[in-house]
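This document opens with one chain alone, in structure tokens, the form predicted on its own.
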Amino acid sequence: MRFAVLLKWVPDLVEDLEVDDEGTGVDTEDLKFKLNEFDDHALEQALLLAGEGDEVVALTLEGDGAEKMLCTAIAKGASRGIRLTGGSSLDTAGLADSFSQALGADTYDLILTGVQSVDDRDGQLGPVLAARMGLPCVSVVSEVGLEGSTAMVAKEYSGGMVAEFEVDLPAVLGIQAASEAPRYAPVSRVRQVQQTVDLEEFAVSGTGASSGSSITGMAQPESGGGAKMLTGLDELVEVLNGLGVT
């Protein structure tokens, strides 16, 4: 069985975020970046599902962090790493177009991506990619099992509800959480991969697709008046009485 996992390099949200000079995005000049957390779970889920003789292929667009992501994926157990050149990551539609070209050039039984990334606006990469490729898709997935040519998938809904689906393969899954926490790749192992493994490249062309939406303005949230800390019931009663609550 062959698995494909899509990876993306995103801002680390522990950093202080500032709006750029145009007022339509985040200033990334001094930001640290990392692998999208949900994509890390997608990779872990693929590695857990893969058995002896199976292949796990990691794919990402070229750019800062691409080599590190792919080499780390291989250090964790992925079979190959493919860097897409000439693709578009401006929005979900362009990203889906780029990945669909690379994925369509080969045959995969299961394509896994993170349910969303911290820098997208819709969290729809899985569904849009599946539509491009004519494949079934289930997103917000928290559990996956394989039975022959089908996948048994648990999908989470709001309110704590979970539904189980039987999905014919090949298919696309948007992973919210892997069955186990993502494994750690030692720095020494990642460096060894960087020195010994040749990453593959795939040229993408004609990615003019757009989601049809754009950001017209972005600003830091305005500070409120703060909060008043109450030290006892009498103070609470006094506040409520001042608000007309009896």
Partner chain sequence: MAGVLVVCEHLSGGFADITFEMLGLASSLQVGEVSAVAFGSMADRSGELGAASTVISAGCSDDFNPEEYAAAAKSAVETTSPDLVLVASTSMGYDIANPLAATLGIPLIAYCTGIEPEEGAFVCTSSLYGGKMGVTSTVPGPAVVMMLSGAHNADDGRIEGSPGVSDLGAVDTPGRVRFKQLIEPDQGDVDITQSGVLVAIGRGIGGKDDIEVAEELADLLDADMACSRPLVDAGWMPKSRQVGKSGMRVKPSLYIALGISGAPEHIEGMKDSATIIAINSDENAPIFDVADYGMAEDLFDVCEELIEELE
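Numbering follows the first chain given and starts at 1. Please read all numbers here as calculations on a predicted model, not as lab measurements.
From this point on, the text means the form predicted in complex with the partner chain, which you will not see here.
- Message: When the partner chain is placed as it is in the model of the complex, are Ala50, Val144 and Val204 each within 4.5 Å of it, taking any non-hydrogen atom of the residue?
- Response: Heavy-atom distance to the partner chain in the model of the complex: none of the three under 4.5 Å.
- Query: Does Gln220 reach the partner chain in the model of the complex, with heavy atoms at most 4.5 Å apart?
  - Reply: Yes - in the model of the complex, heavy atoms of Gln220 and the partner chain come within 4.5 Å of each other.
- Message: Is Val197 near the partner chain? Define near as a heavy atom within 4.5 Å, in the model of the complex.
- Response: Val197 lies outside the contact set for the partner chain.
- Item | Heavy atom of Thr72 within 4.5 Å of the partner chain in the model of the complex | Contact check for Thr72: no, nothing within 4.5 Å of the partner chain in the model of the complex.
- Message: Under a 4.5 Å heavy atom criterion, is Gly86 part of the interface with the partner chain in the model of the complex?
- Response: No, Gly86 is distant from the partner.
- Item | the partner chain: the contacting residue among Ala78, Leu103, Leu110, Leu135 in the model of the complex [heavy atom, 4.5 Å] | The option sitting close enough to the partner is Leu135.
- Item | Contacts with the partner chain in the model of the complex - residues in 116 to 137 whose heavy atoms fall within 4.5 Å | The stretch touches the partner through Gln116, Ser117, Val118, Asp119, Asp120, Arg121, Asp122, Gly123, Gln124, Pro127, Val128, Ala131, Gly134, Leu135, Pro136, Cys137.
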